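Quick setup: one chain, the form predicted alone, written in structure tokens, and binding and motion questions come after.
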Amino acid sequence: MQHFLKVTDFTLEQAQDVFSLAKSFKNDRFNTPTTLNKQSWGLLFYKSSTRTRVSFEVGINELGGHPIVLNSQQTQIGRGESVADSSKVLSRYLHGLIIRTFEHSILKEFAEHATMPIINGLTDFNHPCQLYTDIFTLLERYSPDSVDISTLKGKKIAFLGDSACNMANSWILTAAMFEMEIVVSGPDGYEPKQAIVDALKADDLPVNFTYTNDPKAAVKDADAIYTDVWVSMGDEAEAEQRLKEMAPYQVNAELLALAKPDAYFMHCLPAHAGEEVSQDVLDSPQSIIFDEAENRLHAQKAIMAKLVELNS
């Protein structure tokens, strides 16, 4: 059973297929094939969501399927039913399952016992659907006709803020996979952890990311600057400390000016203006955040369609 738990679960060839599919789906949104015809796909959420939930619900529907949203606290999982049993039961009803949860181990356990494809809708370790969306959004600019992944080679991404968060991990994996340059920058104590190094080695990818405390050095000559919220779900108790320590890593006009003149600003949203990014950067012509948000729909439709093909 082919699942999509991290960005490297597709080969480069399969990833190219996903981006090409996403382009075709976007170009002719309401004439997409009914790949999920008469299928029911579940969305199991342990965390709140806007973009992930709505884009997957709409995408499943547009591919001819029926989405079923499940809140973990409103199922027997919330009352202690094991992940293994839940996965086996849901596999008897559903044709696929998107999971948005905390520990990545929960997702892996679901996949271990499932006889349907499992898609990672976000875990504390990584967020592969967002990264395929981000890459597709860049490819629309670097290679609009063919969305050719070879155009990513050598592009520099600067990630600022919590360099151990799921988005930083996702970018580190993605940069290694697509031969991009990645520099992550944040305060001491928020550097990438051993888990991401182990993940790179497990996939036979180079450990080629750079970490620095200097945000100006990180963004120098960058093709894109990426940031995420400083206080993620589950980190609320550390909010005051995080906001103080992360303040020097805010993406503002001064910092953006140190990147390439045509550099893009990217953010997975929701954004907190005045914290990780200034309002003028969010509103600038270099900001492509709402293209990213829209492209969640097209990229995720392509991911689901590819998984159906691979598992048929």
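Don't overthink the numbering: it's just position in the shown sequence, from 1. Keep in mind that what you see is a predicted model, and the values were worked out from it rather than measured.
The same protein has a further form, the form predicted in complex with phosphoric acid mono(formamide)ester (CP), not shown here; the description that follows concerns it.
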item: Complete contact of 1, 91 and 312 with phosphoric acid mono(formamide)ester (CP) in the predicted bound form (any heavy atom, 4.5 Å); value: no
item: Segment that reaches phosphoric acid mono(formamide)ester (CP) in the predicted bound form - one of 246 to 254, 46 to 54, 26 to 34, 272 to 280, heavy atoms within 4.5 Å; value: 46 to 54
item: Proximity of residue 301 to phosphoric acid mono(formamide)ester (CP) in the predicted bound form, heavy atoms at 4.5 Å; value: no
item: Interface membership of residue 268, phosphoric acid mono(formamide)ester (CP) in the predicted bound form, 4.5 Å heavy atom rule; value: yes
item: Partner contact for residue 174 in the predicted bound form: phosphoric acid mono(formamide)ester (CP), 4.5 angstroms, heavy atom; value: no
item: Contact test in the predicted bound form: residue 130 vs phosphoric acid mono(formamide)ester (CP), heavy atoms, 4.5 Å; value: yes
item: Partner contacts in the predicted bound form for 164 to 197 (non-hydrogen atom within 4.5 angstroms of phosphoric acid mono(formamide)ester (CP)); value: none
